[in-house]
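Only one chain is included here, represented as structure tokens and corresponding to the form predicted on its own.
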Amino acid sequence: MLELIKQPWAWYIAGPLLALVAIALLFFGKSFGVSATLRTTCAALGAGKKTSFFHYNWKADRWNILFVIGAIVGGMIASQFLMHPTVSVSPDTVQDLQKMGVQDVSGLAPADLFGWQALFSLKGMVVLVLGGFLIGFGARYAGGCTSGHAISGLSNLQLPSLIAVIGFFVGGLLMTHYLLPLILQL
């Protein structure tokens, strides 16, 4: 059983499992997503006293916090104990990153982009800090993040989620092919 869990799961197994989670959440009147957890956490910590955006009944959404904690703990367990040694970045991606000057592509997150040393460089600040801010801003502006729109929104047949997902893909393509090469030259 442990060997089965350690193997990469095919899309026809992981996809239906994800659909079951989305259906279960819909059954209980919840929506799958991660970005709403920031609002719930801020409200739980008392931000509603300063800003009306955080002044709401956050206790109804406290399951979001538990969900994110579970995702973090599950990710840590998987990376430390269950990670299959053959999971790696594709050779084509490694080659493309090396052409752009990223030399250390030994892990799933290249240390040249996501390591501690990168954080204290101009390139690292742009990728990690500005990128993180833009992701957070975009998720709030779009009314949800990629998981919320792509999984919950599309399963509810919401047109705004379809528009948001198309925007995420277009933005990802623009970032990959035009902006990232410019940022890596900093």
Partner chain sequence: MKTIKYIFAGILFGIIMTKAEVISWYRIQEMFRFQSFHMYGIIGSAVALGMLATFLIKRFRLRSIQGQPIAFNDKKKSIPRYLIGGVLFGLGWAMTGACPGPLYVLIGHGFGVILVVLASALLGTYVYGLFRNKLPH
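Residue numbers count along the first chain shown, from 1. Not measured: the values here are computed from a predicted model. If you superpose the two forms and keep the largest set of C-alpha atoms that fall within 1.5 Å, you have the rigid core.
A second form of this protein, the form predicted together with the partner chain, is not displayed here; the remarks below concern that form.
Enquirer: Using a 4.5 angstroms cut-off on non-hydrogen atoms, would residue 186 count as touching the partner chain in the predicted complex?
Expert: So residue 186 does not count as contacting the partner chain.
Enquirer: Find out whether any non-hydrogen atom of residue 156 is located within 4.5 angstroms of the partner chain in the predicted complex, and reply yes or no.
Expert: Because a heavy atom of residue 156 falls inside 4.5 Å of the partner chain in the predicted complex, the answer is yes.
Enquirer: Does the 4.5 Å heavy atom contact test between residue 140 and the partner chain in the predicted complex come out positive?
Expert: Close contact exists here: in the predicted complex, residue 140 approaches the partner chain to within 4.5 Å, heavy atoms only.
Enquirer: Since only the chain is shown here, I'm wondering whether residue 44 would be in contact with the partner chain in the predicted complex (any heavy atom pair within 4.5 Å).
Expert: Residue 44 lies outside the contact set for the partner chain.
Enquirer: Just to make sure I understand: among 54-74, which residues lie within 4.5 Å of the partner chain in the predicted complex, judging by heavy atoms?
Expert: If the 4.5 Å heavy-atom criterion is applied to the partner chain in the predicted complex, 54-74 yields 54, 63, 66, 67, 68, 70, 71, 72, 73, 74.
Enquirer: Core aligned, does the CA of residue 181 move at least 2 Å between the shown form and the other one?
Expert: No: residue 181 shifts by under 2 Å between the shown form and the other one.
Enquirer: Core superposed first: is there a CA shift of 2 Å or greater at residue 19 between the shown form and the other one?
Expert: For residue 19, whose C-alpha is compared between the shown form and the other one after core superposition, the shift is 2 Å or more.
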